[in-house]
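First, one chain by itself in structure tokens, the form predicted alone.
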Amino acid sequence: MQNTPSSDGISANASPSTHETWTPSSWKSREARQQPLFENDAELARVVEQLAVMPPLVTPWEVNRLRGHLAEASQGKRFLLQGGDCAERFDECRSDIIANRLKVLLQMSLVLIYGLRLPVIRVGRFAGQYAKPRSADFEGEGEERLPSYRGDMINAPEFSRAARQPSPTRMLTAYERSALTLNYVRALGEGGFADLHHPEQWDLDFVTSEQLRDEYQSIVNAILDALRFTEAVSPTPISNTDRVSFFSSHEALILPYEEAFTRMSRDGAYNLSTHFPWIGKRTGMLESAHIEYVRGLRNPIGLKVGTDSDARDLRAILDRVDPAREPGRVTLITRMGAHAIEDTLPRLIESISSSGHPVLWTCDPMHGNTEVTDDGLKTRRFENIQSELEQAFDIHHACGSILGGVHLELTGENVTECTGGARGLEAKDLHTAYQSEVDPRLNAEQALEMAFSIVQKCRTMRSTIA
């Protein structure tokens, strides 16, 4: 595979001029990290050729609509709720799992809309989140070492040589599963699943806390009363005013796949595998192939920002990705950890604010708070996730900035992967229903509780200002 060495490999042509003409394949002249080592280049080329003629998964006008919404979120006029699985699994492309995922996002957005008094942009980590970066190319059990599991788009999690061998044909399956997921998401939306008139359809079977149930029900009752009043005095049914309820997002990691879905339109190039691609911390260096790839897209772009992000480098990346300083173009997704955000985030906000780039700031309070239990399970503590998010609100307010969204790894299933929350999960409880093959997710109850936490924090801030 051309210019896609190992996760830390470097292309021989890693530093072309920044003034070089962009093409969907110009990333190949740059350093391409976190790419799988496919054994058969001819097979990879055939798969990419097939994908390049497949129907796109999203449309340019949907992408542009999201970009406009994100521009408003950067100005405090909307709030971005981005959430979903750490890594989707092929065998979880099922109607019940997809519906549960949408249900928890809908319930969270309902709480946020009511509590923040803002429209909420619902962006799912779905319909393409089939690949994950890894810290090592290989992992072992005993004396045997095999390629790391990099998501179902690349290989399988079972620890065997056949399962772990990267296969290009898995990209075709990823496309098919993404298409099926988006088709069902759209069908649910058009069929009334997301109708605010019937929130009782979004049952709370997963919630064990009576307080959460009561708080949620009071919000549902208040919204239904408001809808009835508004429609009594308005000739236009509210249910007809917003037909696109969900947007899709995934990490733009496997560049041959992303290139295959880059299509030219009258106003430029769009990645039509997703509405909102983002670049992870491991691949977001200034001269990287991933930054080279996204700089030519019309899609809104997310950039993960960590504690080791240098303010000067970040400004240089923004200059390259968003030279025209267009609102809605770039979302900075901070992931720093509850213990480090106070020392890191203020200087980045100050630097970017002075640069004139109109970015949307959001907080990913998940990845900086990962820890490992004594018996080797990855987990995250609810209180640390909550703490980082609340600190982010305070820091942005103190810096005269706006925190316009949250980015969470969550599921609609009743898993036990993160400790804490209303149910009081402890480390000993994690084995009860630990399902993730990569990173731990909030379960549906914890996710809804996090939405209430955001509302409570914003209300406290407003009352303090008043």
Ligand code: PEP
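Note that residue numbering follows the sequence shown and begins at 1. On a predicted model such as this, the values are computed, not experimentally measured, just so you know.
Note that the form predicted in complex with phosphoenolpyruvate (PEP) isn't included here; everything after this is about it.
Proximity to phosphoenolpyruvate (PEP) in the predicted complex, taken as heavy atoms within 4.5 Å, picks out 273-281 from the listed stretches 110-118, 273-281, 383-391, 289-297. Contact with phosphoenolpyruvate (PEP) in the predicted complex holds for all three of 132, 367 and 409, each having a heavy atom within 4.5 Å. In the predicted complex, none of the heavy atoms of residue 150 sits within 4.5 Å of a heavy atom of phosphoenolpyruvate (PEP). Shown alone here, residue 103 lies farther than 4.5 Å from phosphoenolpyruvate (PEP) in the predicted complex, counting heavy atoms only. Using a 4.5 angstroms threshold between heavy atoms, residue 357 stays clear of phosphoenolpyruvate (PEP) in the predicted complex.
In the predicted complex, phosphoenolpyruvate (PEP) lies within 4.5 Å of some heavy atom of residue 251. Proximity to phosphoenolpyruvate (PEP) in the predicted complex, defined as a heavy atom within 4.5 Å, singles out one entry of 315, 396, 335, 164, which is 335.
Checked against phosphoenolpyruvate (PEP) in the predicted complex, the residues 156, 220, 86, 301 give one hit for a heavy atom within 4.5 Å, which is 86. Residues of 104-125 that come within 4.5 Å of phosphoenolpyruvate (PEP) in the predicted complex, judged by any heavy atom, reduce to 125 alone.
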